[in-house]
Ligand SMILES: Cc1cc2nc3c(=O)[nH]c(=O)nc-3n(C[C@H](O)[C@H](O)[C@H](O)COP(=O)(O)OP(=O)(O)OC[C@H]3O[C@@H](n4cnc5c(N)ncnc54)[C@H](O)[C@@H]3O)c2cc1C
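In the form predicted alone, a lone chain appears below as C-alpha cells.
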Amino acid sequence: MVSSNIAVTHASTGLVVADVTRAERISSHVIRITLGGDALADWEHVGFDQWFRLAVPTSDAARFDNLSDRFGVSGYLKYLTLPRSTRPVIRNYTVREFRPDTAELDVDFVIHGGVGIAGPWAERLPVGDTVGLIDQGAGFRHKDAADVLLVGDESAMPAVLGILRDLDRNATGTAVIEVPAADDVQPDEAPDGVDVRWIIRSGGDRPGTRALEEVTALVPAPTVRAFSAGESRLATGARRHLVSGCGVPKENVAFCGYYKLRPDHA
C-alpha cells in the first residue's frame, strides 16, 4: 500500500492454506479465482472491504509451512529470511465473495498485460495451485453509515462492491467506480438509496483521473462516511477534496493507495 489510514488487524485463523478450485476470465481485465479447502471452513468473514495477504507460488518448490501467522514487522522480516527458491510472493487482495456453506472464497485479479507477478499467475488459470492467506480485516470502519461516498478504480472495485453489498439497506449516498472497459462493469448489491456511477476510462486516460473528477464535482455533507482507494492520486485526491474542500472530518474518510503509477504515466 502506498499511502493509507486503513488499520491492520489479525484474525485468529492466522495463515490459511487453500487451493485454487476454479479460475475464469470474467471480463476484459478481470480474472476470478475461487479458493477452497478445509481450512477455509474457519475463515472469519467480516464482509465489507475485507482484505488479506495472499501468498502466491512462483515455482513448484514454493512453501507455505514456514510463513508467519501474522504479517506485521516481525512476520515480514521472517519472510525476507526465507530462501528465494521456495519463498512465495505476497500481495494484498480483497475478498470478492465468501460462501460459508461451501467454504469457498472468490478473489478478483486485475490483468495488466503480463505486468507483475500475481496477475500473470492468475492469467494462467492456475486450478490446482496452493496459496496462503493471512486475513487483515476490513478498512471501512462505518458499518452502520447512513450517508456514504465511495470511490475506486478497478483495483478497488472488489472493495467498493463489498461495502455496497454489506451497507445498511437504508443507507444513501454515491459510489463512483472507474474501470478500463465496459464489460468490466460488475453487478452491484447497493442499497436503493445509493447512486452507483460507473466510469469507463478512455485509452489515453491516466487510471483514476476521471473518477477523481467525478468525486471532486460532488459536495457531500460533512457527516458523510467515505472510502477512497485505488491508484495513489485517486485515493489521496478524493480524501483531500472531502477533508479540505468539504469539511469532512479526517476520521470519516478511510483511504488507501493500492499502487502508484510511474511518472511516465502522468
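Heads up: residue numbers just count along the shown sequence, starting at 1. For clarity, every value in this text was computed on a predicted model and none was experimentally measured.
Below, we refer to the form predicted in complex with the ligand, which is not included among the displayed structures.
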Exercise for review: Examine residue 190 and determine whether its closest non-hydrogen atom to the ligand in the predicted bound form is within 4.5 angstroms.
Suggested key: no
Practice item. State yes or no: in the predicted bound form, is some non-hydrogen atom of residue 92 no more than 4.5 angstroms from a non-hydrogen atom of the ligand? Key: yes
Review point. Wondering, does residue 126 line up within 4.5 Å of the ligand in the predicted bound form on heavy atoms?
Key: no
Check your understanding: Is the gap between residue 158 and the ligand in the predicted bound form 4.5 Å or less for some heavy atom pair?
Key -> yes
Check your understanding: Which listed residue (134, 118, 145, 131) meets the criterion of a heavy atom within 4.5 Å of the ligand in the predicted bound form?
Key -> 118
Review point. Just one stretch in 181 to 189, 167 to 175, 74 to 82, 150 to 158 has heavy atoms within 4.5 Å of the ligand in the predicted bound form, so which one is it?
Key: 150 to 158
Check your understanding: Going through 45 to 63 from first to last, which residues have a non-hydrogen atom within 4.5 Å of the ligand in the predicted bound form?
Key -> 51
